[in-house]
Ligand code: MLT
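Below you'll find only one chain, the form predicted alone, shown as structure tokens.
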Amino acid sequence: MTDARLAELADRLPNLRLLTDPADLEHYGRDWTRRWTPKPLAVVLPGDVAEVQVIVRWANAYGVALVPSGGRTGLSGGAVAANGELVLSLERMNRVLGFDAVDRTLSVQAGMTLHAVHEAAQSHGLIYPVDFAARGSCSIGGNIATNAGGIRVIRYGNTREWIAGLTVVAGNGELLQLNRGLIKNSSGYDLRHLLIGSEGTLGVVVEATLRLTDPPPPSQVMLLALPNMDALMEVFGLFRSRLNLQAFEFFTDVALKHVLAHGAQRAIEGEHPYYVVTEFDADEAAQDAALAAFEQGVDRGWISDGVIAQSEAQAAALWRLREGITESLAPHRPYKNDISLRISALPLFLHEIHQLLGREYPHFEVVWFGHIGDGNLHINVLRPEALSDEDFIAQCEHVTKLLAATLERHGGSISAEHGIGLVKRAYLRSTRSEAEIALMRGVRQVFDPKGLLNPGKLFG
């Protein structure tokens, strides 16, 4: 322990797990963006809330910046430590703290994975409904930090709707108990909602009380092949008017190509430019309604083909075509855009952005997919082998500026569910006014007076 500051921290917390090995620094200092070279001072893995408070107070005393860290599955550089920060990993704080059957809440530590939360809820006959493909790796604290959405937003909403209370260590080490699980609480500002989506810049979320709900009724999964982009919104309107949708996800033929190459099985023969995976309540009436909607879509030229799952295994195989996209693209280290709009604004925007990407990326492979049912699109640009990382990112950044301007005209957001982090901070003004940003900076100053929590993220 050659750094006197770290030696002092070790003296304050003799049982603290503190890592300085280069391999550990590299592992904990980066997230899924892989765009920055990690260079943290060290990594600490506290085991309880009291240790987190001591670490934050130590950081204040020595002026050491902190990067709160969960599963580091983020795609905006929000968990990157590249400038000598101390990584504060919550992965050891991963236990269930309690279940309340009357309130139907589950209290957990922030380092618990989303998959473990799902299992804990199911053990009590309930569900925590937020869900997405990274469930096995991402942490509930990270989900809260970015207000994560996922594949069930159309029915259940984002993470925000399911947080009954938070325990937070503020930037000065003070412990805050926010909302305490209340359903109604009109006693002033709801600071809980300020922390949700704050990307670790206001405090370290250490515990959360999650609302649970009943499992959904039995569902049916259908895969649809569509002939063109316009059909996406037509089919969504048709199915939403006739069925209780749990999910409505789309992807392109380019996305399908990569998923099939990664091991998924083709479910519809032939080549089609767009696909939809939809899941809906499956009582007897819904079965008839779904088939009627399918036939109407075919008659109107909106649907080219389709298949309905006949078993749980087949339903899982259909979902893999959508959920396997991100993993299948990972080896290509794609440049990612995660955007959102009002659903009503999507048709015109889709045409504009399709033309923009075709014009600006004539030789790049662009993979589209996303949550069309809640207005969230994911645009992944794959680097040509002959192009250097530096030139590739420079070209992508140029296009992102154009994309941000287009979003601003349509009233959209440059970040739907991945946060701003390092990747998108230059485009925050396309989503937020100068007055809003000034207020956000003021809020941050109150929670973190010395600016030590995740510096450089969100605002720059």
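Keep in mind that what you see is a predicted model, and the values were worked out from it rather than measured. One rule holds for the numbers: they count along the sequence shown, beginning at 1.
Keep in mind that the form predicted in complex with the named molecule is missing from the display, and what follows is about it.
Undergrad: Report the stretch among 392 to 400, 57 to 65, 41 to 49, 412 to 420 that approaches the named molecule in the predicted complex to within 4.5 Å, counting heavy atoms only.
TA: One stretch meets the cut-off, namely 412 to 420.
Undergrad: Any chance all of L75, T326 and H371 sit within 4.5 Å of the named molecule in the predicted complex, going by non-hydrogen atoms?
TA: Yes, the whole candidate spot contacts the named molecule.
Undergrad: Can you work out which of R135, R320, R152, K336 has a heavy atom no more than 4.5 Å from the named molecule in the predicted complex?
TA: The residue in contact is K336.
Undergrad: Give a yes/no on whether R192 approaches the named molecule to within 4.5 Å in the predicted complex, heavy atoms considered.
TA: Output for R192 is no: heavy atoms all beyond 4.5 Å of the named molecule.
Undergrad: With the partner left out of view, is H378 within 4.5 angstroms of the named molecule in the predicted complex by any non-hydrogen atom?
TA: H378: contacts the named molecule in the predicted complex.
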